[in-house]
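Take a look at this single chain in structure tokens; it is the form predicted alone.
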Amino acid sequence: MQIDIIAPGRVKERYLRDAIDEYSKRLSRYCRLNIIEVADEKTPEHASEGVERQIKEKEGERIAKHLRDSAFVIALAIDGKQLSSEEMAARISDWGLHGVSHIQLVIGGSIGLDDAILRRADFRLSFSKMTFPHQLMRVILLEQIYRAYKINAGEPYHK
């Protein structure tokens, strides 16, 4: 299976890059992983709703250029469905059994995802009602994808 993670901005912190690299390496046993970074927009402090909407639209346009019609698109959104690790593993397995060979997971920028991307998504996934830094979310997402593949392979994960 091909899995793309699409997100605005570059990960600057070394410890996050190291974690991303480690999970990418671990996942290479199970799938083809591609991390796509698009340019992010700087959000001024106390930005108006209109300015925030424009920022999300610009980032959304950049993200949309990478979305494939044939892919199953999952948007990470606070209002999405919360799944346990086992439920996530079952979904990935089910999607594969139903002909999905390309999953694209989209992480929003610091103020979230554009409505056009949310409408395009085939599924909305939430990790929590809490807000996480979008760069840290890449690590959390990769870890959960790795965990799902380990569960589906019947391999131990928890020590």
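Sequential numbering from 1, following the sequence displayed. Treat the numbers as computed from the prediction; the structure is a model and nothing was measured.
FYI, the form predicted in complex with a small molecule isn't displayed, but the following is about it.
Taking a 4.5 Å heavy atom cutoff to the small molecule in the predicted complex, the contact residue among 151, 145, 137, 20 is 137. Listed residues 113, 121, 38, 92 were compared with the small molecule in the predicted complex; 113 is the one with a heavy atom within 4.5 Å.
Across the options 64 to 72, 26 to 34, 96 to 104, 129 to 137, residues that bring heavy atoms within 4.5 Å of the small molecule in the predicted complex belong to 129 to 137. In the predicted complex, residue 60 stays away from the small molecule, with no heavy atom inside 4.5 Å. Contact annotation: residue 78 falls within 4.5 Å of the small molecule in the predicted complex, judged by heavy atom distances. Proximity of residue 117 to the small molecule in the predicted complex: non-hydrogen atoms within 4.5 Å are absent; the residue sits far from the partner. Contact annotation for residue 125: at least one heavy atom lies within 4.5 Å of the small molecule in the predicted complex.
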